[in-house]
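Before any questions on how it binds or moves, here is one chain, the form predicted on its own, in structure tokens.
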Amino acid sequence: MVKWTEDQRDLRDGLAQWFTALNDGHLERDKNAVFDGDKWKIIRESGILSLPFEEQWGGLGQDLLTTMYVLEGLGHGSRDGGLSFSVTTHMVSTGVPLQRFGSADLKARYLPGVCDGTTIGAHAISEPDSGSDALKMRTTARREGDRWILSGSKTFVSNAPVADLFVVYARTHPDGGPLGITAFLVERDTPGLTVGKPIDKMGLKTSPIAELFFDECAVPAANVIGRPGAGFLVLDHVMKWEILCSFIVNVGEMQHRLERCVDYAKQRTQFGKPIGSFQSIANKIVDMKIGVENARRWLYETASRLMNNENVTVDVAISKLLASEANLSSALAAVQIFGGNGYMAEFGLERDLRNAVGGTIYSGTTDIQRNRVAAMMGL
């Protein structure tokens, strides 16, 4: 396991001062599916949004491992899983590809706002007929002089109802395969771009989601991230970061849930003794412990290998699969351990369960991750 330095621990511990304000009213926000702008301001003030970005753009210049370590702390301390999901979506969907592949001009124009959170980011990949099969996307872009004209639609765009800036992936060559996709940076008020109404969903309700529609939407050629045809390379880089950063937040949430269950199992008595003394309850808690440790190790180990420029295609798929399934099992176990209380919204555990289901679907479903591992094994 990674040995964290004092500076890294201080960076993570510094988040603690914000949690009381962040958590205030989290159950009501979930009930009403509200993205709270005031809570976003607290996130901005905490500095967490600037973690992985270079100092010249207002960032803190931290590496991937340190960023993940602090995000795990966010998951442990914040009870608003939807807000945490919006944090990682914003950071990874827009800032990460901009910093890695963006031109000097694009970085100068947009990264300062992304770093301080005044510009909220989102990315648009999925389409109604091509969820995980990104190469089947139908949204197109054609070159006209110094502009690209986007046509089509996207769905399941997290942060869309509140985002100022979108990274949009579109097909720029009909027969180009992976080399026929290009990534564009599109401002919200660009003529021809329409953001749909927020879509109700099962969990992560405080992280709003919507569709995007492009009707002859003209984007400056300078807003291409990377180069035309390199969108799949951009997407591959983003998805690795998205999985590592999003699911390490879940590890923090799982650790907090585990601690709650241990305390509850010690205090709650049935038939004259703590429920933790019953083997069936203890086994559930032990499995929760194994799940959180397993997910944590896979995610940090994969991040370490990614930083060493190793091929982590299989590792990322396994990490995502393990972490998302462990989070779902942990959330279900917690509801069962708390019994009737776990089923009640006021304890926040049924919300955790609804949130955890999403993790087995977004960023590539569990089945897709198994397909990737199988393909790498030559099956």
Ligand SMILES: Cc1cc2nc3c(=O)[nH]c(=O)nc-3n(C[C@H](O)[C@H](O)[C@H](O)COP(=O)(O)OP(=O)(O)OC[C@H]3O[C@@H](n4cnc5c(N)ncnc54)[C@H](O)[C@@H]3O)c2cc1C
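Please read these numbers as outputs of a predicted model, since none were measured by experiment. One rule holds for the numbers: they count along the sequence shown, beginning at 1.
Although it is not shown, the form predicted together with this ligand is what the next lines describe.
- Only one of 74, 295, 204, 92 lies close to this ligand in the model of the complex, with a heavy atom inside 4.5 Å, and it is 204.
- For the options 83, 165, 234, 157, the residue carrying a heavy atom within 4.5 angstroms of this ligand in the model of the complex is 157.
- Contact with this ligand in the model of the complex, judged as any non-hydrogen atom within 4.5 angstroms, is confined among 178-186, 116-124, 258-266, 140-148 to 116-124.
- The shortest heavy atom separation between residue 367 and this ligand in the model of the complex is within 4.5 Å.
- When this ligand is considered in the model of the complex, residue 17 lies well away from it, no heavy atom lying within 4.5 Å.
- Residue contact check for residue 363: one or more of its heavy atoms lie within 4.5 Å of this ligand in the model of the complex.
- Although the partner is absent here, residue 288 sits far enough away that none of its heavy atoms falls within 4.5 Å of this ligand in the model of the complex.
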